[in-house]
Ligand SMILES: NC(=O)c1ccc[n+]([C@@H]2O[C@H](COP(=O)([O-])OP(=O)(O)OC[C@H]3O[C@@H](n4cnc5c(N)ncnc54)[C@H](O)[C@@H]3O)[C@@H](O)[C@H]2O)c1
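Take a look at this single chain, the form predicted alone, given in structure tokens.
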């Protein structure tokens, strides 16, 4: 039986909670959210008032669906005890967090997992990472996803994935995930666009190297939270299942 802790009980957290509970070989170890009122709808025995309390229940894996701040705050204590799956990969744009995660994983023989999230094709990017010369991604969303009211197409940012993730950490986890699988946050180029004509979250990836070149295009249906794609929960649960089954394709 795989015991799973869950941090964050918003749109994605609730969907993962539902799917995990439906699996015979998985069980929820604990659920934590800083907004405690969100936990009122679940069994009180599962709700904890701190991540530290949750870790006392010895989960095999903790899953984050709470935002980059949660990764920055809890990664070290979680990875000291068990493996950690994060959806908010933008937290890795902060050098201190990235370096600390690498160190604690090495010391404790634990692993950080990042699902593909709102994009696809990360297996192909990862396979050719040593041959890559150029990687760029353009992410386009409706202004509501950025908390804006733009009436025309507006380029919000263009530059490195590291800087883009720092400026828009709740919207561009895709660029951080792409970077982790490819040539890194500093070499991956990102363009972020607010477009009122869009009803879907659109991501276009271009990669070039000695092997040739390829393009990936995704037009994802937003979840109830317009900042995130419905693919996020789907990819996270798929990765949880593969971790449980011991399949070494991450």
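Numbering follows the first chain given and starts at 1. These figures come from a predicted structure and were not determined experimentally.
Absent from the display: the form predicted in complex with the named molecule. The rest refers to it.
Distance criterion of 4.5 Å from any heavy atom to the named molecule in the predicted bound form singles out 87 from the list 137, 165, 78, 87. In terms of contact with the named molecule in the predicted bound form, the residue from 185, 62, 66, 190 that brings a heavy atom within 4.5 Å is 66.
Put simply, residue 208 is far from the named molecule in the predicted bound form: not one heavy atom of it is within 4.5 Å. The named molecule is not drawn, but in the predicted bound form it has no heavy atom within 4.5 Å of residue 179. Contact check for residue 74: a heavy atom falls within 4.5 Å of the named molecule in the predicted bound form.
Contact annotation: residue 35 falls within 4.5 Å of the named molecule in the predicted bound form, judged by heavy atom distances. Between 190 to 198, 54 to 62, 210 to 218, 27 to 35, the stretch whose residues reach within 4.5 angstroms of the named molecule in the predicted bound form through a non-hydrogen atom is 27 to 35. Interface residues of 2 to 22, taken as those with a heavy atom within 4.5 Å of the named molecule in the predicted bound form (partner not displayed): 7, 8, 9, 10, 11, 12, 13, in sequence order.
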